[in-house]
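So this first bit is one chain, no partners, the form predicted on its own, shown in structure tokens.
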């Protein structure tokens, strides 16, 4: 449910960007959403279609690049995707520690 206000803000930012660049239309919005960001990409897509309907983003394509979370091995330093119920590194069996990879949430670019 908290995707509604953030999606509304994405559209506002896009409108501000278009106005600043004297554009009448938004063609594309590229968004990066990490799986651990707290936002659900499919909900953002759903709300985007509803909210953009009455804005200059109505014909815009929303591209969402999802980022899977990764752990970093404390022994070998390699990044890896965690398997369910395990923190073991698939390369050396060391212990994986959480990283910030997968917590991203930002507008990558706006095309007018």
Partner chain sequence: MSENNEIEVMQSVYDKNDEVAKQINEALTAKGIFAINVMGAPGAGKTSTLIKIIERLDGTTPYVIEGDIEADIDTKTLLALGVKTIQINTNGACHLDSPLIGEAVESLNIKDGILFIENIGNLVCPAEFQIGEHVKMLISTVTEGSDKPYKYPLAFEKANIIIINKCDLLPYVDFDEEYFMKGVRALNKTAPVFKISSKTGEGVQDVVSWIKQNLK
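Positions refer to the first chain, counted from 1. Worth saying up front: this structure is predicted, and the values here are computed from it rather than measured.
As for the form predicted together with its partner chain, it is not shown, yet the points below apply to it.
- Think of it this way: in the model of the complex, its partner chain has a heavy atom of just one of 58, 78, 82, 66 within 4.5 Å, and the residue is 82.
- Shown alone here, residue 89 lies farther than 4.5 Å from its partner chain in the model of the complex, counting heavy atoms only.
- Its partner chain is not drawn, but in the model of the complex it has a heavy atom within 4.5 Å of residue 31.
- Its partner chain in the model of the complex comes within 4.5 Å of no heavy atom belonging to residue 4.
- Of all the residues from 36-67, those having a non-hydrogen atom no more than 4.5 Å from its partner chain in the model of the complex are 36, 37, 38, 39.
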